[in-house]
Structures are given as structure tokens and as C-alpha cells.
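We've got the same protein chain twice here, in two forms, each standing alone as C-alpha cells: structure 1 and structure 2.
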Structure 1
Amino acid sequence: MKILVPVKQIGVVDEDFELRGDGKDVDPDFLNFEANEWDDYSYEAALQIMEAADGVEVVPVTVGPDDAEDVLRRCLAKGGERGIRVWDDALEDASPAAIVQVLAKVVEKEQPDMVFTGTLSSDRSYAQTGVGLAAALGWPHAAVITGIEWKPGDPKATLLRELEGGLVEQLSVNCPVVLTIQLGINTPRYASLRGVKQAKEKPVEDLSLADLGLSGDDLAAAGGSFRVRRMYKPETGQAELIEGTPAEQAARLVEIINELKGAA
């Protein structure tokens, strides 16, 4: 039995930053890279299933350049025996749909019983990986999962989903299945010093698009309708604390209203 867990290395913007020359993203020199928080919870959920039953393998997979291997090592320091990293120059600035196509090929290669993704990534917040992957595979999908009851060999999993208004939905889904995991489903563990050392020796398989039977043209076709036009920082508003007596405050409010009318 196997659980595949896509994980992502995200870029966190410094307080002071600049955009790239093309104006479509933040200059990498102003980014700090770390593991996506939602993926910590999805990986922990997989590890707990692995520890509760014999014969379960948990495999983290990431799509990213050489330095993205760090997020795999971080996962392997917590548990699991191997990871997978996919990269090709054609994946630079790839759309969510293109990433889904890559992950779908990894799933076809690995044949897992379940795929756990984070609900979203905190850098882009597309929340498309899980649902897109399920659609590409033709698998059932459930989102915003806050509880999982499943044992290896069970044809169905019982799940809890977080809904609006504090409601919780219980449902069952057929396996294999893609689940997107919500924050708070568990408490992600910290990697021990021993685990960090051991993770350095665990194998990480590097795959190219060709290894997965894909090409740059395939990715272009998958993400043809997706295009970042520009990225910008919107102008911030201004706030004023109006002090004084009620009459003074009222007079100042009248001034502000007249200023706004004049600006309009």
C-alpha cells in the first residue's frame, strides 16, 4: 500500500522586495524559501497511517529545481524512505494545470492507493492541485479534510470535511482517492537531529519530463489558457484618528467629506 504526497517549496516575500524585470513575479533575490505549511499537515496525515499499519509506504514528491530537494529531505527526516523530484527547464513558471499533468504521470508510475495534497499553497493560493489531479486521473476527490479513517486494503475511506459556519461533514469515498488536507487535522512533528542526518542518505529519484513521457509542448497545451499578465503591489489607503471634542471631530469629518468630494 502506498500514499503519494505532493509537497511544495514556496517563496516567502521579504518585507522589502522588488519585482522581476518583466513585472510578472517577485525577484527571487527577495524571497526566502521554505516548505508549504499545508503540506506539513498532509505529510503528517500520511505518516500517521503508515505508523498505524504494516506495509504502508509514504512517498513525498515535488516539482522544482535542485534546491527544491530541501523540502523532500525535510519530509524524509520525519519518515519515509525515498522521495521523487521532477524538473525540466520547461517547467519554469509552469501553470497549475501543467503541474497537474506532471503529477498525474508520477501517480501513473507509482500506482499509489491514495494521494494527499495540501488544501492550497500559501504563496499562490490557487487550491487547484488536488482537484485538478483527481480530474486528470479520473479518481474521486474530497477537499478540506479534517479527519481520515482508513486502513490498508479498505475499499473506502471515511472522511471529515470542514464546512462554513462551523459545520462538519462526514462522508465515505472509494479508493484510490485524492484528498486535500486542511490545517489543524493533526500536529505536524518536528524532525529529530537523527532523522535529519538519516534523510541525507535516503534516495531521491530525479525525473525529467522525458522520463514521464511528457514534453514542453504537452505542458504548453495543458496551460495554454493560463497567463500571468502582471504582478503589482496595490496602493494602500490612509487612516486618520480623529481626536478632540465632539464638535471638533464633527468639523474634521466635514472637512474629510469635502476633500473626498473634491477629489472625485
Structure 2
Amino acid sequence: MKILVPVKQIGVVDEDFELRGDGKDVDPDFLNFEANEWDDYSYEAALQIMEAADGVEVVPVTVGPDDAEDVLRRCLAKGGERGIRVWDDALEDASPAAIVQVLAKVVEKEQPDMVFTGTLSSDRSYAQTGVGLAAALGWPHAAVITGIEWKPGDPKATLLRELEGGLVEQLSVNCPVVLTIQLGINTPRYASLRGVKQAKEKPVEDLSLADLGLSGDDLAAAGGSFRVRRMYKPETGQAELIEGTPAEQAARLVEIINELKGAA
């Protein structure tokens, strides 16, 4: 019994940043690389299932360059015995369609019983990968999940799906399934120091596209979800900036609030 958890390394832009030479992304020198917040929740959800039953294996997988190994070690520091990292230079600037193809091959190879992705990655906010992966596999899927009732062997899981405005749907789903996990489903644990140390020794399997029977040409032939033409800084809003020392700023704020309250 195995749960595969795709996790992503995301880029967070520095306060002052420059675009890459081709204008299609931020210059990586101005990005801080972190783990995607959503993946903390999906990994925790998998660990909780692992701990509640015998014989469950949780495997984090990432598609990313060398330093993306960090996000795997971060997971392994909390639990799990091994991770998988897939990379090929052809995956630079990959759109969700390509990531989906790669992850589908990993699923074929690993034969997990469940796949938990995050709902969203906070750098690009695509919200495409999990449900796209399910479609590529022909698996059932459910998105934006805030509750999972399931134990190994159950043919169905009972889920909570978070809708707009605080409404929640309860649904049941056939397994195996791909779920996209939403923030707040659990309280992700912190890794212990011991865990961090142990994680350094745990094996991470590095796979190339060829190892998965794919090539950059395959990915290109299938076409991406889209092609980036350019990135640009949007026009800044018309916010009137209140300058000065904190005391002056607060004084002006009080003035504005009183004005607005008086006028209302």
C-alpha cells in the first residue's frame, strides 16, 4: 500500500527583482526557493494515513533541478523512507501538461494506491497538475479536499470538498484516486532535529526522462498547456502612499479613518 505525494519547489520573488534575459520569467538570481505551502498539507495527510495503519509507504516525488532535492529532504525529515526526483534540462519552463506526463510515468512505475497533490502551487497558481494527472492516468479525482476518511483496503473514500463561501460538499470516491489537498485539512507537523538528520541519509532516486521512457521531443510533440510570451510587472495601483515616521503615518491614518467614518 503506497501513497505518492508530488511536491514542488516554488520560487518567491525578492523585493527588487529583474526578469530573465528573454523576459519570460524572473531571473533565478532574484528568486528564493521554498517548498510549496499546499504540499505540506498533502504530505501530512499521507503521513497520517501511514501512521494509522500497518504497511503503508509514503513516497514524495518532485520534478525539478538538483536543488529541488531540498523539498524531498524536507518531507523525509517528517516521515517516509525514500524520495524520487525527476529532471532533464528539457523540463526547464515545463508547463503543467509536461509535468503531468512525467508524473503519470512515475505513477506507472511506482503503482501507488493513492496520489495526493496540492491544490495549487503558490508561484504559478495553475491548479492544473493534480486533476490533469488523474485524467492522464484515467483515475477518479477530486479537487480542493479538506477531509479524507479512508484506510488501506477501503474501495471508497469519503471526502470533504471545500466550495465557495464556507460551503462544503461531502462525497464518496472510488479508489485508487488522485486528490488535490487544500490548506487547513490538517496541521502539518514540523520536522524534529533528529528527523532532519536522518533525512540526509534517506535515499533519493534521481530519474531522467529517459529512465521513464520519455524524451524531450515527446513532451514537445504533445505540446504544452501554453507557451509563455512574456512576463511583465503590472501597473501599480493608485494607492496614495502615506509617508513619514510610524507616528506620522499613524496620525494620518487616524485622520483618514475619522474622515471616512464622518462622511459615511
Partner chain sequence: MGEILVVAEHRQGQLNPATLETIAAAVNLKGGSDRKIAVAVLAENPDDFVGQVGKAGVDEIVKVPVGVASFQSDTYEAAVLALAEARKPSVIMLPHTVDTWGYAPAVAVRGGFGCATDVFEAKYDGDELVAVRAAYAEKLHMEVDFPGKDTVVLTVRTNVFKPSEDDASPSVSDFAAPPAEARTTHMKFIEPEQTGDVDITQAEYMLSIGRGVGEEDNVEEFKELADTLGFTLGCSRPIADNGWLPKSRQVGQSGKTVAKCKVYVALGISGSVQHMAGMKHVPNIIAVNKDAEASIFTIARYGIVGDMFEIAEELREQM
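Here the rigid core means the biggest group of C-alpha atoms that line up within 1.5 Å when the two forms are laid on top of each other. Every residue number counts along structure 1's sequence, beginning with 1. Computed from a prediction, not measured in an experiment: that's the story for all the values here.
- The chain appears twice here, and it is structure 1 that represents the form predicted on its own.
- With the core superposed, residue 18 shows a C-alpha displacement below 2 Å between the two structures.
- On a core-based overlay, residue 240 has a Cα shift of 4.5 Å between the two structures.
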